[in-house]
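In structure tokens, one chain follows: the form predicted on its own.
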């Protein structure tokens, strides 16, 4: 099932994101974790793609297993940073051969090596170019993209960021998933601005449950996310106790999700960090809310 079809369902939905293993030896444990989450019957599951394609060979294995064994629609991430057109077209064929109908088209993270390379020689420098390539390939794929309620770290300002986002949608992006955020008002303000700019495709909010204090610094580094005082107080109070921090982080994420549903959002995407216990706890907290 295509994500656009999933989003047309008249009920509240919850989806999960997982990431593939970095090594062969970790494959079995990651596969088991993703299967535990698939048993929770999410609306779909997305499988990420390593920086520079580092873990790409596992992405389709995980996505195909979830779809074939549990019937859960899957979304395979595809990055284009430093990739040639030949490589991208080969990966498109692999996605189709795996029976995957949905692709998240991303530029990809810049590793230190990529940062130092000559970008003028790249076939793709922006996600919009990959979206356009996917669309022009003729492949029957539902194409998603990323968006940033708090502005992309490399954008000079939000107005410019939204201009690039609109370009990506006009290239063929059919839905958007947001970077993590911890203050829902930032999302509501962002949605108002992009709708005013003419971006009308569905937007799926992405929520990351912070279940240990060390995740806070990583989250800020990755996304530049604003941390509300309420959230900082939670970490200050419970961060030294792993069990308490996990419970408090799940409660905070659940509260975020309920508020999003109450304000008209139909599908929330949880960055589950391959933790089935976290996904299951959130699903239990929403047992009478999510279909």
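Numbering follows the first chain given and starts at 1. Predicted model, so just to flag it, every value in this text is computed and none were measured.
Separately, the form predicted in complex with a small molecule exists; it is not shown, and the next lines address it.
- Within 4.5 Å of some heavy atom of the small molecule in the predicted complex lies at least one heavy atom of residue 167.
- Although the partner is absent from this view, residue 65 stays clear of the small molecule in the predicted complex, with no non-hydrogen atom inside 4.5 angstroms.
- Heavy atoms of residue 148 reach within 4.5 Å of the small molecule in the predicted complex, making it an interface residue.
- Taking the partner from the other structure, the small molecule in the predicted complex has a heavy atom within 4.5 Å of a heavy atom of residue 126.
- Here the chain stands by itself, but in the predicted complex one stretch of 183-191, 209-217, 152-160, 87-95, 152-160, has heavy atoms within 4.5 Å of the small molecule.
- Checking 100, 106, 199, 142 for any heavy atom within 4.5 Å of the small molecule in the predicted complex turns up a single hit: 106.
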